[in-house]
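Form predicted on its own, single chain, as structure tokens, below.
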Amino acid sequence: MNVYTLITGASTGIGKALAADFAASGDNLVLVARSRDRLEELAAELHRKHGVDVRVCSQDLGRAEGPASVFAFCADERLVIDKLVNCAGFSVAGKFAVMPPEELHQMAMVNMVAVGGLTRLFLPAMIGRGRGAVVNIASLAGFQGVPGMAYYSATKAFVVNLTEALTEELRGTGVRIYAVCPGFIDNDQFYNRAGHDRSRIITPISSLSVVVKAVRRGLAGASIHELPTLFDRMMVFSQRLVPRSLVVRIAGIFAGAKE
């Protein structure tokens, strides 16, 4: 049986770092992103270094047919997906009222619709086998609205809530699902795409490695949320002690994304 880990958003940032980590652990991979050239270059490198089989599925998850096309690719190639890592996602910084509607639509499709669609398509086979894992890369922004990142934080709240609900639905099936919720990560491509001046961010910016470690902890543990750093954990805990309106205001100040 050809067992694989499928990673979306694998051509850059967190997805690329996770691909390298899973390959180093001996996992065969299916890499999904829009850029075929980047994926093929990464696939060749990981196969050369670690000897694993790496398949490339170039697909735009911002299109309605994206999740079904990824699923069909795996079915046609007879690939059993044992771990699904929903990592693809992007942000647009600034005031919601002036954001281009087409950008908001694309963000919803990639950050929410693709996550829900891929999970729905691959989950039944995992349940049938009595094993598997779904790893959803969410964000610290998913725990409260973030002014200047209003739509992005809303999409990540969707990922957090979907994960929490499915945790209960999957109890006793042998399938693990959890959300990794990092704060700001050192990824210039993310900020450039968002139009977000990272010099305005007040909170610590962590390395990609902290997310990789959190994903590994999640696979070995039983928690619903994996918060990569002590700062992330303190931020979520402190929300219990502060009025909600103040939580949101502080989040906007820390993010520095409104302008």
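The numbering used is simple: start at 1 and walk along the sequence shown. Source: prediction; values computed, not measured.
One more form of this protein exists, namely the form predicted together with a small molecule; it is left out here, but the text below deals with it.
Contact check for Val110: a non-hydrogen atom falls within 4.5 Å of the small molecule in the model of the complex. Ile185 belongs to the set of residues with a heavy atom inside 4.5 Å of the small molecule in the model of the complex. Proximity of Ile14 to the small molecule in the model of the complex falls within the 4.5 Å heavy atom cutoff. Contact annotation: Arg34 falls within 4.5 Å of the small molecule in the model of the complex, judged by heavy atom distances. This chain appears without its partner; in the model of the complex, the one residue of Asp60, Asp197, Glu45, Asp53 with a heavy atom within 4.5 Å of the small molecule is Asp60. Residue-level contacts in the model of the complex: of Ile137, Ala150, Ile177, Ile81, one residue has a heavy atom within 4.5 Å of the small molecule, and it is Ile137.
Heavy atoms within 4.5 Å of the small molecule in the model of the complex are found in exactly one of 71-79, 122-130, 162-170, 85-93, that being 85-93.
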